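Next up: the same protein chain in two forms, each one alone, written as structure tokens (structure 1, then structure 2).
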Structure 1
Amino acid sequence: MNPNLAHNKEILVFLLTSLGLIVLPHVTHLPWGVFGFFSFLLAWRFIGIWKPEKLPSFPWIVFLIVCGMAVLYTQHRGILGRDGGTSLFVIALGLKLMEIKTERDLYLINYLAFIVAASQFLYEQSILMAVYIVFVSCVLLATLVFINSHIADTTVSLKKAAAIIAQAIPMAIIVFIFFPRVEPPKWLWFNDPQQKKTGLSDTMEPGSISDLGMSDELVFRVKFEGALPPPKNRYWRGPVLTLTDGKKWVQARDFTYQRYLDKPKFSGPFYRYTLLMEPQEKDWVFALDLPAEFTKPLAQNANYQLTTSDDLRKRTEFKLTSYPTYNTGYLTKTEYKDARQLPALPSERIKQLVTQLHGYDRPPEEYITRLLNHFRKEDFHYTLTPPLMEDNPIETFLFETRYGFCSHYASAFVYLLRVAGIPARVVTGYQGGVYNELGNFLEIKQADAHAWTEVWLENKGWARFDPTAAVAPERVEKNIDINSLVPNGAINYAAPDSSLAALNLLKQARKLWGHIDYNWQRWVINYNNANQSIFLSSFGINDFKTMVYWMMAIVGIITAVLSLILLYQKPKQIDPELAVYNRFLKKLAKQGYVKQPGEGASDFAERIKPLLTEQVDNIENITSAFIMQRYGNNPSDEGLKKLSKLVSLFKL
């Protein structure tokens, strides 16, 4: 073989290809400058395989290093933090490619590549990425195998590397389950300005929720301990918006009345569930209306919305209990004032409408019923792409366009109630969720974002009303299927039986994938200190010491089993005459007469005959009988018996 492996073309092609595979997924989050610089160096090195004279000389390498530092500085202003650190590794890897001189450099690059592969998990922890990284590690290992084997064969190397990984995986799983979890230090969560999460905001303007309307992004998942609540009760409470300037709705500023609030009275059935929040920017936790039991770090604000003091930029799990039937009791003065706030005096048209619907002269319940009927009977339409309403959007919506979605209906409804002097407010959050039968959980996506209203009624407290349901009951009782939105933006409520079988299969596959992904998030990504102790205590492992013992014992067993498989060799089927002859050899070997491996029977006999003069005949007989049986023209059972007898009688 070529003495200098660093110039072996096959090895270089293999190594560089695997490097390309490793850095490839970084394309989505590394700055273009860094990625471009690396690709440029990689391409240069590829050319260098066939044209070594094209590789940079020492001054050029120094220049490239300066360039690399410049790229790093301009993109990240340093090397601290996740992005800066990853870029540093990628650039260093690219620069190291320029000086592959000895075998040692190949190893160094390979190890560096493993680090870059691992850094991928700082960005994405999905199951697909994990599979990809395992594949890439396999290619990297194969490169190492390739360098170290005298048979340079890609397939053989890949097979060997795959076998190594397959043997390592059980070990990795055991160590993953039992190894003490260390919570990552806070600096890892340094805010990276590049990542922005979409989601509900704490204000509402016409159109703000429709931005989310088409987003398929997952917000949270809920797993119920018992039966699921019916779709019409699936309201996931988010920020409550009380104050408005006629266009924009915001939360109340003053929450000091919270301590004067009545405790809500719960009644009827309740739901216990586990909520798994996807990473988000805000500290909101979307509980089912209305949460009754929760534990720290959760807290409830004056609007009954749950917030957390934990960092929600990683996935978090909460165990909650909610009651769909409740009475919040009396209303405080501040609430009363805020919930009747109007941006300006209502116009004549509005007053007329309220009078027409008996807003001023009948009880609030009756007015509400008339109002909902008004939305239902008049020519109101539900659409995610309503016409623009620049000035006075509520009036424009009520009297002119009559096309809108939940935020339009909720704000108009609250406004009309307030004009009649009834306290009301807008609640935002999510409504509905797709049930995954396989995993028995609900998936709530950004598209489920919704706005509804709460009206304070005597003896009932804050009661929920959803004017959108009056216009488009399907929106609430079923769920909008994003796939069936027609191009012009109107929503098409196609009956499910009209969908094709293929579409069903696709949905089925999506649900299965959702289930797998849920379990991956639940059991792998979110397997933290708390989850580990819960999981292990279900096996009766309660303290740290037992946990480490268990880990060591299982790793030991796996090692033993693997080494047994690797070291155990099936004994070769030995021909009978050879077995007999070996017995003869053993007898001789005891006395120090050992046959050399490459020595034939007859040569051996000739060699030992002069040393064992009194056994010459026996040795000759045995040897010739053996040769007759083993190499002869017609070996026979009698011959074998004779040989066996001779050997048995042979004594030294």
Structure 2
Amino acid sequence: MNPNLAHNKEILVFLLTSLGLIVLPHVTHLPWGVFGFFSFLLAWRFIGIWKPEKLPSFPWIVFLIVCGMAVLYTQHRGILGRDGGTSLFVIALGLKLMEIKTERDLYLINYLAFIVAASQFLYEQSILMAVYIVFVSCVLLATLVFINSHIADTTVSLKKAAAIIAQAIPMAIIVFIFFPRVEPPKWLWFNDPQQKKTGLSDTMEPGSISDLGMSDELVFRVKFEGALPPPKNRYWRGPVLTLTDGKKWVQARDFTYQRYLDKPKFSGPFYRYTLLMEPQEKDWVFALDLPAEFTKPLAQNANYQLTTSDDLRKRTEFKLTSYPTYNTGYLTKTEYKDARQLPALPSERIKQLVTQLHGYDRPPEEYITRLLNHFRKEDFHYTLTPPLMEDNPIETFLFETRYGFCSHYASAFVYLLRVAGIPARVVTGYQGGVYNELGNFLEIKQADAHAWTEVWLENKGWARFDPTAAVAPERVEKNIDINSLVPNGAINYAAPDSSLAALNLLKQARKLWGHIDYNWQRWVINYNNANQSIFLSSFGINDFKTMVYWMMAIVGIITAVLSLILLYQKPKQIDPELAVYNRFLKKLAKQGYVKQPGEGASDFAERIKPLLTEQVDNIENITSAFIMQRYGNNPSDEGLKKLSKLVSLFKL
């Protein structure tokens, strides 16, 4: 090893720049204390390149180590799991920069940097992040080329590193396809419990769903085998809320009645589709209302909501079949009791309204129609920013403000039905979805969060009614245009004519990116054991032994092709400075001083100088002239003449 390389300014600048690029994406993942501490050490080391006297002495290094440990401790991250482990490696990388003394330290920092780069995939697996990590890996590899070849040219080093990565990519693809998948990732067991995903809750109160109304965060994507369901049928079922205290709605506590439920009877058209869920904390799967066919690990609870035993903190894919027309049948006593629960006796104003709409003396269907017409014809408004209704929100909404989001309409509708003695409940989930015609799938985002109602009717079972559609039918028939939401709470809806969207270049670009990202998530990120088995089976590969044979054969073919390319390249013309240097080597070889394969010019000179003490100056001059002429930034004819003269005068 050449210790002087550890003090080479070009190498250090290149190395520190690559380290900054590697840690930079972690700014959104790591605590500010950890990221700030690393940035401070990196800046200090940059200063030390030109002012080595400013670098810390041993006592200061010990002090910095203690500070790093204190930063880790104050963040309460520990050393296990994704966050704690990544923080530990980043701080260790920063501290190691303070003691670069030998070439060995440069190698150690590079290897540690590769680990930090790989840790990015524990947080994000997007295609953009994959491209970025390949880029920074290329820069890191170029640093190793820089160190090993002693080439003071970043462009040459980057080209060589890119060539190495290009040769390795086919191998990586084959290993990725054929190598047995290892899942689930064990580091998920150590995730911090406070790292929660935002989204739909298992409770509902005024404002709980409207908080999501302006969120562009993706929840799941759906690809149908045939035609898409019309917008009015795009209800994605989530938690069913039955009990209320007049303000908050929660799920029922007793599900023991599930054993007595009738099996739903389905009729009419059905939809088969593949649902790709984004990572979330809950075990909910938002199926099209109502799911009829599904397989493990999916299960259906007493409210016909799908849940999964799979780990939804990673993207998960499910194949489902749903029917929009169904009859759930019999109503159990427990359901009947829960679906008619009231927090207190209704007020006189509520009773008068129910009486006015004939809720006490007409069939439920007629009362429901009158109630929906009441919302439709009276001065009710749909808004994302309703006024605060802290006390008695249902009555305040019905008789005073009359401005509300879907949660206000659903809760008021169910309450008025229960006052009339009709079993009803609130259903939360998502409604709608933006169609991506390039990939032929729907994207459902947090802004599509919605609340509707179910009413139990004789001979029909639980039937869906959406009071929001009576006030704002566009909410159901069209998609909310998130980019057009304005601060005053007004809502714009996407135009139904896809040709209008085609004129918008930005929207088309987003759809194209959505299509690319969807296939990346399905075929790369979600390439698990099941998908691997299905894919390889299509080529007749059905067992582990055959899979290994195929992998070895294809890797062998790629290796052979690359070897042939390397072996049968046209011989390059020897550069003039190299030809002159070879004359120097021949003179030495005649006396038994042979340069070893792979040995650098500097290393060879250092090895033979103790053996030729009388020729030390000549050997140093020739070696320096050769390195300057071959690897320097300004080779010249004068430099070549000088090298040639030195070699000609060299005699043993």
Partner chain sequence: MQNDIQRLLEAANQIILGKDRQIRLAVCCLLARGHLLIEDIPGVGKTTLAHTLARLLGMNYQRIQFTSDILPADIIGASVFDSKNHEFKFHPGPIFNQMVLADEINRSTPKAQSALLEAMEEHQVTVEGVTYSLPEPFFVIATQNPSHQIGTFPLPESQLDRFLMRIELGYPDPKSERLLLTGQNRHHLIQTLSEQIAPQQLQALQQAVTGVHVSNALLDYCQGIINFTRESSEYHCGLSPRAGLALLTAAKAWTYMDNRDAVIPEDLQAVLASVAGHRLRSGNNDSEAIVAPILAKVAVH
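Sequence positions of structure 1, starting at 1, serve as the residue numbers. In this text, all values refer to a predicted model and were calculated from it rather than measured experimentally. Here the rigid core means the biggest group of C-alpha atoms that line up within 1.5 Å when the two forms are laid on top of each other.
Visitor: Assuming the other structure does not fit, state which one is the form predicted together with its partner chain.
Guide: Answer is structure 1, the other one does not fit.
Visitor: Establish whether a shift of 2 Å or more occurs at the C-alpha of residue 629 between structure 1 and structure 2, with the two forms superposed on the rigid core.
Guide: After core superposition, the C-alpha of residue 629 moves 2 Å or more between structure 1 and structure 2.
Visitor: Please state the CA displacement of residue 64 between structure 1 and structure 2 in angstrom, with both forms fitted on the core.
Guide: Taking the core as reference, the C-alpha of residue 64 is shifted 2.5 Å.
Visitor: Quote the shift of the Cα of residue 619 between structure 1 and structure 2 to one decimal place in Å, the two forms being superposed on the rigid core.
Guide: Residue 619 C-alpha displacement between structure 1 and structure 2, core-aligned: 42.0 Å.
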